[in-house]
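As a starting point, one isolated chain is supplied in C-alpha cells, in the form predicted alone.
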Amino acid sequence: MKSPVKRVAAIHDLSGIGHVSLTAVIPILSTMGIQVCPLPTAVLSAHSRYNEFHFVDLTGHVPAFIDHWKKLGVRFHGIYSGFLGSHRQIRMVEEMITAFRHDDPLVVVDPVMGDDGKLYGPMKPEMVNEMRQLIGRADLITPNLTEAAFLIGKEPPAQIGTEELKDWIKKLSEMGPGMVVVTSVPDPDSDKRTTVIAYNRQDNRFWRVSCDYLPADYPGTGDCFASVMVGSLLQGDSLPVAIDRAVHFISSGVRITFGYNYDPNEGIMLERVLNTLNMPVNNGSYQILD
C-alpha cells in the first residue's frame, strides 16, 4: 500500500499525561509532514515519573499488529523505536525491521535505558545486552552520554574529553549504525553549555552542536529530539542540519516552558513550539570536529 506522504512506524508507549513517547512523536512528525503509524507497546495514564499511574502492557498484541500490517502490504519510509521495557519488545522491534526491511526504510533506534549515570528503575542490566543487538540493526541511534557508556561497557562519566568520546562513538558505529548521535554531553569548556556530538560513518565526519544550559529537567526531551531527527532526515536534510534543527527545537521548547509556573513532569510545552518546525532552515550552528 503506497502512501503519498512519508510514513513512519513508531514503536513506543503511549502516556495520557506528559509530552513523552507517542504524545511527542506523533505531533512532531505530523507537523513535519510525516504520517505516523503508532505501534503502542503499552498504554499509561501518565508516564512513569509520576508517583502513581495505571499501566496496560500491550506486548502480547504487538505481533498481531505487525502481521496485519504485512497482510495490508503497508510500506514504511522509517521504523523508529523508543523506550522498550522487556526482552520480548526488543525482539519484536527486530522482527518489525526484518518484516519491512525490503523497502529499505530509515531505521532509528533511540536506546532509552538511563540518564545521569544510571539505568532507569525498571531497566535491568541484561537489557543492555539486548539493546546492543538491536542497535546493530539501526541506521541511526540517539543515545545520551549515559546510554552510550552502557552500550560500550563503560562507566558513565561526569565529564569526558572530545577525543575519548569520538572513540566511543566509533565503537558504537562499529556495532552497526552508520550514524551515531550522542546527546547530553557536558561542554568541557563551559558548565553553562551542553553539547551533541554526531558521527556519519559514510564520510567519516564528526559534528557538534552546542546550546546554553538551563537548570530544568523535562521528561520527553529525548523523544522530541529523536523525532525531529527522524523528520529532518526523511525531509532530505543532511545529518548536521538535522542535529541543528533538533537541538534548537529542544532549546526553544525548554526556554519557553521554563518561564512558566508549570509542572515539569508534563514535559516541554510542545504546542508553543511546533510551528517552528515549518520555518525555513537557517544557516546552521553546527561545527565540524577534526
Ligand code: PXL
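Please read all numbers here as calculations on a predicted model, not as lab measurements. One-based numbering along the sequence shown.
Not on display, but discussed next: the form predicted together with this ligand.
*Asks:* Partner absent here, but in the predicted bound form, which of 26 to 34, 239 to 247, 48 to 56, 62 to 70 has residues with a heavy atom within 4.5 Å of this ligand?
*Replies:* That would be stretch 48 to 56.
*Asks:* Closest heavy atom of residue 150 to this ligand in the predicted bound form, within 4.5 Å or not?
*Replies:* Looking in the predicted bound form, residue contacts with this ligand do not include residue 150, since no heavy atom lies within 4.5 Å.
*Asks:* Should residue 20 be classed as touching this ligand in the predicted bound form when contacts are defined as heavy atoms within 4.5 Å?
*Replies:* Although this ligand is absent here, residue 20 would touch it in the predicted bound form, with heavy atoms inside 4.5 Å.
*Asks:* Indicate whether this ligand has at least one heavy atom within 4.5 Å of a heavy atom of residue 44 in the predicted bound form.
*Replies:* Residue 44 belongs to the contact set for this ligand.
*Asks:* My question is simply whether residue 112 lines the interface with this ligand in the predicted bound form - judged by any non-hydrogen atom within 4.5 Å.
*Replies:* Flag for residue 112 set to yes.
*Asks:* May I ask you to choose, among 83, 76, 206, 168, the residue with a heavy atom within 4.5 Å of this ligand in the predicted bound form?
*Replies:* Of the listed residues, the single hit is 83.
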